[in-house]
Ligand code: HEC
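A single chain, nothing else alongside it, follows as structure tokens in the form predicted on its own.
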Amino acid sequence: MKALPVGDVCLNCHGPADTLDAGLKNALTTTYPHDQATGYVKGQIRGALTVKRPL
């Protein structure tokens, strides 16, 4: 298992709400009205990746 930290590219949509582009904010609110996936900071662990394969 490998941790997935927030990177620079992630912050384009998931960074602090006050730094998001107004058009993007509108699109996110329209598409994901109950989403709370903003306010993340670079380096914060937000998930993990696991790969399984048959031996």
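So that there is no doubt, residue numbering starts at 1 and follows the sequence shown. Everything quoted here is computed from the prediction, not taken from an experiment.
The protein also exists as the form predicted together with the ligand; that form is not presented, and the subsequent description refers to it.
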**Asked** Should Arg46 be classed as touching the ligand in the model of the complex when contacts are defined as heavy atoms within 4.5 Å?
**Response** yes
**Asked** So in the model of the complex, does any heavy atom of Met1 sit within 4.5 Å of the ligand?
**Response** no
**Item:** Contact test in the model of the complex: Ala17 vs the ligand, heavy atoms, 4.5 Å
**Value:** no
**Prompt:** Asp21: heavy atom within 4.5 Å of the ligand in the model of the complex?
**Reply:** no
